[in-house]
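Form predicted alone, single chain, as structure tokens, below.
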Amino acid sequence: MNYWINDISLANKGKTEVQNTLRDMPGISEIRKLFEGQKPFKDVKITGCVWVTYETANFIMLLKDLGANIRWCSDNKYASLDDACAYLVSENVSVFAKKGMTDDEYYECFEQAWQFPNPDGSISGPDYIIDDGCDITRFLHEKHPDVMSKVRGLTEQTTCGITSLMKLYADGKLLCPAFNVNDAVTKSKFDNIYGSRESLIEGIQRVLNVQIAGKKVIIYGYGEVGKGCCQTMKGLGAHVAVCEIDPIMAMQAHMEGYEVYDRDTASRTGDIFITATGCIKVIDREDILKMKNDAVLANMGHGNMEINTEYLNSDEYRKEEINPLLHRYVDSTGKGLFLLCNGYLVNATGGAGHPPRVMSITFSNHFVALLSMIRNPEVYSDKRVYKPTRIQEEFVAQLNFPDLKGKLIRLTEEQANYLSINPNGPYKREDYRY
């Protein structure tokens, strides 16, 4: 299901955008310099399942140029960019994605993405998987466990994806080693906070164009994504409140000056509701029934599971399409609610997603994880979830902020001995919390 064969004009547009995006992806450029003339991924079969943006395209081309055999699909039915997909296809990359897919097309693309043709006409599965939300990993565990059991390793970049992997591991069902990219400090603190902080508002305004200042905004979840969302809304003049299950997170929100609401208070008072938890039915039927007329619902978590869209699409509501990414649901009393992006990620589906710099950091973490698993299979031999080491994280930071490297202070021998650390790093213990 390759949608973009021979679409030259679209491919040329994509090429221009992809190359322009590379200007603020220093990690990708630095990796190219480090491995110039080398093929560390030679003949390695990689299946990727991350929505195809200009940033993703730069990462895919890096992997290809370093020798990898790539087949790629999207974890989001609505968020891939058609011109980015067309460009990759013009570069002989097997891409199975487009913006706006049916459920059948979506899963058919999964099927295509894992099937690597062999010279003799047979099919083999991937050596490694790059995943977002554990989507294709769960798919292969459920539909093709024989294929999944032969995978040498996978890398995962989302909180809910890690949750799924940990559940598979706890249940004794994880079929290959997995690398936890999400919990790398250089991912969670940068992609999740700063990426969400900048991309949230673009997604909302492209879809709905609503005044933020003066509105009561409810953020569900004060994790890294929630923190970024709160900062944006507060900076635009909104009155921000947080809903949390974790007393420590709730305390953090309170100390940052945000109100902490229970579900009932939140539902009755909010104008704009944003989910950022990675959990299901965070906004459920009982919450929706209490909301005021024309409240706005948006998701910054994963998939369309955080808002109960199944209830909204029931017979209790009349659905009005304003545009493909904006619907108004009206109940029998005439009260309406706006749902953005069908409950999918508002920043990725409604806007262009995270800025290039933070995606450069995230993809650099994937690269380091993959390289480590390929070069040191004995270290990553158990079928469990591995975390990045501090030295790997510091390496990613240097890749993406090369201008800062020359400005860093160097410890004297006396200082290094006092702190009991190597002056070349790592500079923090493995259990240090940034």
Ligand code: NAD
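Because the structure is predicted, anything quoted here is derived from the model rather than measured. All residue numbers refer to positions in the sequence shown, first residue = 1.
Not on display, but discussed next: the form predicted together with the named molecule.
- Within this chain, residue 243 lines the site of the named molecule in the predicted bound form, having a heavy atom no more than 4.5 Å away.
- Looking at residue 75, you'd find every heavy atom of it more than 4.5 angstroms from the named molecule in the predicted bound form.
- Using a 4.5 angstroms limit between non-hydrogen atoms, residue 96 is distant from the named molecule in the predicted bound form.
- Contact annotation for residue 270: none of its heavy atoms lies within 4.5 Å of the named molecule in the predicted bound form.
- Proximity to the named molecule in the predicted bound form, taken as a non-hydrogen atom within 4.5 angstroms, holds for one residue of 355, 336, 223, 351, which is 223.
- The partner is absent here, but in the predicted bound form a heavy atom of 160, alone among 160, 361, 109, 79, sits within 4.5 Å of the named molecule.
- From the list 294 to 302, 111 to 119, 140 to 148, 173 to 181, the contact stretch for the named molecule in the predicted bound form under a 4.5 Å heavy atom rule is 294 to 302.
- For the marked spot (69, 130 and 373), a heavy atom within 4.5 Å of the named molecule in the predicted bound form is absent from each of the three residues.
- If you take 343 to 372 and check each residue for a heavy atom within 4.5 Å of the named molecule in the predicted bound form, you get 345, 347, 354, in sequence order.
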